[in-house]
Ligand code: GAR
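Below, in structure tokens: the form predicted alone, a single chain.
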Amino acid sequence: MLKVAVLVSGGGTNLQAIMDAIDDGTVTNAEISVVISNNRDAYALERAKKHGIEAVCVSPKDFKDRDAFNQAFLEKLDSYHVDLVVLAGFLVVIPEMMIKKYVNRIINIHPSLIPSFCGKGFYGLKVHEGALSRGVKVTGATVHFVDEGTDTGPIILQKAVAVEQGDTPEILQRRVMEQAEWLILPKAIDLIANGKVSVIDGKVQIAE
């Protein structure tokens, strides 16, 4: 059974999608051991508690500097002995020491088709604002492993979503969530939980 930690900062819609997929059997051989947030007001923590999942906050406001916060966050994560870390709307830069400790064991969902509209400064609605201002006809979402760069790790899954006439960033954000994020993030977890994902020479191989 793959033990999963989900890291969140906000409402937790991707967390909900994962929990629902585990409940309905879309995701097998996986369980969420803990949900950790940097934001004690994150509704995602309530979602976890309602689901009977341990919910923990480690806030940078409680530490003298970022290094102290990073160390405490990593120690808390380590204490659960998880196999996979899922970044589901986690708005904290992952420290290098955590990336090195969890090589190819941290995945992230990004609301665009990487390498478009990704990297520093592209998060939340800013991604969709970028897509609309560029005038693209197709956007989507990407699940990738996390490495030392920003949105640069090996890509596991992508799903395209059409941009429609009259879209606002908010409308497009919702469509990308519904048609891509909430589908491919659970699917990636299921593939990993069932031993179907490997990284060879920096590229993801998925077994049939």
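We number the residues from 1 along the sequence you see. Because the structure is predicted, anything quoted here is derived from the model rather than measured.
There is another form of the same protein, the form predicted in complex with glycinamide ribonucleotide; it is not shown, and what comes next is about it.
Proximity to glycinamide ribonucleotide in the predicted complex, defined as a heavy atom within 4.5 Å, holds among Val85, Ala131, Ala88, Leu113 only for Ala88. Stretch 175-183 is the answer when you ask which of 60-68, 175-183, 162-170, 27-35 has residues with heavy atoms within 4.5 Å of glycinamide ribonucleotide in the predicted complex. Proximity of Tyr102 to glycinamide ribonucleotide in the predicted complex falls outside the 4.5 Å heavy atom cutoff.
In the predicted complex, at least one heavy atom of Gly11 sits within 4.5 Å of glycinamide ribonucleotide. Although the partner is absent from this view, Ile109 contacts glycinamide ribonucleotide in the predicted complex, with a non-hydrogen atom inside 4.5 angstroms.
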